[in-house]
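Before any questions on how it binds or moves, here is one chain, the form predicted on its own, in structure tokens.
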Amino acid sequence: MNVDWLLTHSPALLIAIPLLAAFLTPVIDRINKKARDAFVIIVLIIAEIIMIALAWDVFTGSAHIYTMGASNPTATIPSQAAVPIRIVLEVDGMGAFMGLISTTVSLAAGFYSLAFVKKETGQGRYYTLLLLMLVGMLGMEFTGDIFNLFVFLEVLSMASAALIAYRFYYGDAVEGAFKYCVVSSLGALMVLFAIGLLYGQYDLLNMAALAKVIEYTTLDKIALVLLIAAFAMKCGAVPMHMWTPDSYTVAPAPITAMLVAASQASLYALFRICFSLYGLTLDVTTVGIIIIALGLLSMFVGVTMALPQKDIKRLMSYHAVSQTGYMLLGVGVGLYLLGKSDFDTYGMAAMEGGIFHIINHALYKGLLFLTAGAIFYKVKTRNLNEMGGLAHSMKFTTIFFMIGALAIAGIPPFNGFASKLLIYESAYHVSPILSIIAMLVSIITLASFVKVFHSAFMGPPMENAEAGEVPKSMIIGMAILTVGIILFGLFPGWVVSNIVHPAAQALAAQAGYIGSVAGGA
């Protein structure tokens, strides 16, 4: 197996390997538990390595097109009626960017899970579903086919719902999973109905082929509204965020980190629909304002709802809603300015800020949820009023929490500062009010996490807490995300130039997306 072969088939391999591993995991689980753990970690490491190689090739070269079942899977699709029949994977800069997030968070969650769920039953099912979550995310991020976007959304939703309810002996876990199922089913129906409207008009499912012929009819507008509503709901944007705290709070900590990445896969789908499928055919000013409004609502409502919370994971869940608002604001400003003379100056910077914040959020919010899980692992409670003095015995967890808290508040030199600064500067061009609200939310976020730090880590040691730090595998999981936070914070210029800018360019250039798949035909 040579490197060229691996890169050629990497889009399909990244979906096929964890999918095959998901079916093998229960079999290996019956034979040997340690072998199962090693197998899952090896699969996640392989996926991470392949994803890094694919992403680097995309960022330094061009998009990867992979046509399933074709004798030459990397060839562009000829302009003919049979084109939409084939399933096409299209990995451009934005898809590769999102793939890096999914594999990295999954790897951290996999290591963390080794000790975290060691005493639980049904671990074979747990790891199978974890791998299926990775399959669902990568499938959504790689597919060039709108119906398969729906299929992978369903794979991701079913695996996520089952893992939210994994600790079914807690009543709130079943309740959180039920709410997630209801929202996911509603969102999936909306997506499927929108696909039906588009297919009924154009007899096409390939997104590049659809983008080439879409006419922005009344039915197209209805489909757009349905798709925006469905994916905004799935990514936890206000006012469709009600499921987020209920589901994030009760899921096992590593799965909550995965759910953050899963929500961002839906956010990616929202952006892909707006930019790559509809592009300049839609009323970018109106849709941009709608997405900006969703962003502002999410930021403000999320952070204000977090302040009174006593449950540490519920508090962090509302902050996840708030941080999603920054991504919506940044990319919404980019969409608002799309096609205008100042897009290259301010619109692209806004998109870079919003997209940069996606990976930053996955890193620091994933880390914060893992630290919350570490606290629960030791003190068996999520109530901040029943904690205290944990810094005495959990030094690594304390450091990890401080790094995550400073990053989410946008304090330099951590990664959250760099992406938020890009959003502040570009949003100010549209309206100073946008930047003022965004900065105010960051200040309130810092105040909220100062409260958490004081409640959980300061003061005398707890008498009833299990002494000592969490197991090494949990520390490794937290360390993986921490390294990313620090590196992205110290070298933001390199990250923006080599990773974020190619992703933003790929998302903004609809003609490039169509041309990469259809060969400009």
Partner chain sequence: MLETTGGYWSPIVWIVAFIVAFLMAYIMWGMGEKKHAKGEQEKPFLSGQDEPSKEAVHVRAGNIYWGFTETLSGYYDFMKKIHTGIINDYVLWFLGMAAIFFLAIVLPGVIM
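Positions refer to the first chain, counted from 1. Keep in mind the model is a prediction, meaning the values are calculated, not measured.
Not pictured, yet referred to below: the form predicted in complex with the partner chain.
Original post:
Using a 4.5 Å heavy atom cut-off, are Ser62, Leu130 and Leu280 all in contact with the partner chain in the predicted bound form?
Top reply: No, none of the three is in contact.
**OP:** Among 371 to 379, 232 to 240, 105 to 113, 198 to 206, mark the stretch whose residues have heavy atoms within 4.5 Å of the partner chain in the predicted bound form.
**Re:** Contact criterion met by 232 to 240 only.
Subject >> Position in contact with the partner chain when the complex is considered in the predicted bound form, options Ile28, Leu490, Ile46, Ala479, heavy atoms within 4.5 Å >> reply: So the residue touching the partner chain in the predicted bound form, by this definition, is Leu490.
Subject >> Listed residue that, although the partner chain is not shown, lies within 4.5 Å of it in the predicted bound form (heavy atoms), from Thr218, Thr121, Ser341, Ser431 >> reply: For this set of options, the contacting one is Thr218.
Original post:
Does the partner chain come within 4.5 Å of any heavy atom of Thr304 in the predicted bound form?
Top reply: Heavy-atom contact with the partner chain at 4.5 Å: present for Thr304.
Subject >> Contact test in the predicted bound form: Met458 vs the partner chain, heavy atoms, 4.5 Å >> reply: Met458: yes, in contact with the partner chain in the predicted bound form.
Subject >> Heavy atom of Pro73 within 4.5 Å of the partner chain in the predicted bound form >> reply: Because no heavy atom of Pro73 falls inside 4.5 Å of the partner chain in the predicted bound form, the answer is no.
Original post:
Hey, in the predicted bound form, is Glu425 touching the partner chain, heavy atoms inside 4.5 Å?
Top reply: Because a heavy atom of Glu425 falls inside 4.5 Å of the partner chain in the predicted bound form, the answer is yes.
Subject >> in the predicted bound form: members of 366 to 392 within 4.5 Å of the partner chain, any heavy atom >> reply: Read in sequence order, the residues that approach the partner chain (within 4.5 Å, in the predicted bound form) are Leu384, Asn385, Met387, Gly388.
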